[in-house]
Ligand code: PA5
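Given as structure tokens, the chain that follows is alone and in the form predicted alone.
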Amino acid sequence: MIQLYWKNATAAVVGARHGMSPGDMEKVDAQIRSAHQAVVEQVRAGKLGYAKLPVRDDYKQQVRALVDRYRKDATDLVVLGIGGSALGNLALQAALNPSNYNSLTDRVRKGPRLHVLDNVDPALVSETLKGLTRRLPTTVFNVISKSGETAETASQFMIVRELLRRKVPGNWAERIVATTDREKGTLHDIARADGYAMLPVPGDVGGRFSVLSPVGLFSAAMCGIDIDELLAGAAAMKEKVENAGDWRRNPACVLAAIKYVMFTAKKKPMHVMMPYSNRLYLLSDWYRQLWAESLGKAVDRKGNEIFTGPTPIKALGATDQHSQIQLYREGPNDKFTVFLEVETHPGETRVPDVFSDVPGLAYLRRKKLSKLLTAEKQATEYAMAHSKRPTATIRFPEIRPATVGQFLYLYEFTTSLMGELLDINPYDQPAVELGKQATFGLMKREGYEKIGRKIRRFSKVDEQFLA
């Protein structure tokens, strides 16, 4: 089981101005208890869809049925999605398969090559599709969109659909799996009409909470990731954090308490996640969307303007010791950092026994790179504490589906607790809608002409401001 270690976020290490004191813990005690009770009651009432996912067998069986149908003969899997329809897929693949997965031979690789088109960058789309030209008949395209009208995913889907119709006549529709609303919507209707295989996007689960649903499970299972273990890990964390025992032994409650106090009382609005593992780096991308879209809100539940929300930042150890730590240690003391540490890494490399006569290099002889990476993390942790910069660590005994599942559920539940503490709705994202409507207007979608005209006037370049 992963663990939270938070000594270096305490006043005893970084001082009372920047760290959690016993008094801070007492002040937040009633709020944490109330927040935990509220979230658990919502879970037990069936109001939080994401909380059902670790123990839902039906979704798992639907995914497995399609994997059995497609995986044997598929050389490539392309995910068409953006935001919550892509970040979870990328994070699972990066964490649980080798970094060179796509370049492995068919015999060694555990499933099809995975390509995630998480943007409408024309070079990304065209280059990916061009690389698949000869393998289109053995490529599966998983289009993920609850409604089917998200402009980015819809445009990708339209391109792929026509490409398959031209290049794979006869059975082109068999190459598409639509993950969408089970009952209605544009993509649902097209999928029914064209005859695609379908998987459900849960109606009560927002995109950023959907990684443990068919949205994330299909690509994971197709690429050989053990989704049974992934979900079992999430279920184990679910049981742990929903337990009504001492909240100071509950990792979600403690993490939420620290982050809340850092944000509100210690004036640290920047919340950094810094894995000391390349495999865990894309979990930071997943965390950024979860944290930003859930907690960045203009109004509280009563409608009062509050403009709240800690800003999530990602970094990578040891890489960003050489690019960001200078700022973190000597810049504004406005950041709280969570390190991700791995006890046993998936692979190991040892430095050879050379340069014994070179004083500046001899100490590295015969050392494991895992030992060096851990030393880098501990050194950074010490340096941050020396500069009165609070940190905490989430410890992974190893990187495997169970521990990744535990991490995902830990942060989802912590996000719910933060929503209660900040008195905001962490499950909507109203600020995203205006940008979508503006895009519709600029692309001349029917019904959005008025905002289109307004945006075009706004976007017109005024040459006096060109430098």
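Everything quoted here is computed from the prediction, not taken from an experiment. Note that residue numbering begins at 1 and tracks the sequence as displayed.
Not pictured, yet referred to below: the form predicted together with this ligand.
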| property | result |
| --- | --- |
| Residue 323 within 4.5 Å of this ligand in the predicted complex, heavy atoms | no |
| Residue 293, heavy atom within 4.5 angstroms of this ligand in the predicted complex | yes |
| Partner contact for residue 93 in the predicted complex: this ligand, 4.5 angstroms, heavy atom | no |
| 4.5 angstroms heavy atom contact with this ligand in the predicted complex for residue 207 | yes |
| Residues 97, 235 and 403 all lining this ligand in the predicted complex, heavy atom within 4.5 Å | no |
| Answer option from 185, 251, 312, 83, heavy atom within 4.5 Å of this ligand in the predicted complex | 83 |
| In the predicted complex, the one of 146, 266, 335, 259 near this ligand [non-hydrogen atom within 4.5 angstroms] | 146 |
| Contact stretch among 378-386, 275-283, 84-92, 327-335 - heavy atom within 4.5 Å of this ligand in the predicted complex | 84-92 |
| Residues of 411-442 having any heavy atom within 4.5 Å of this ligand in the predicted complex, listed in sequence order | 429, 432, 436 |
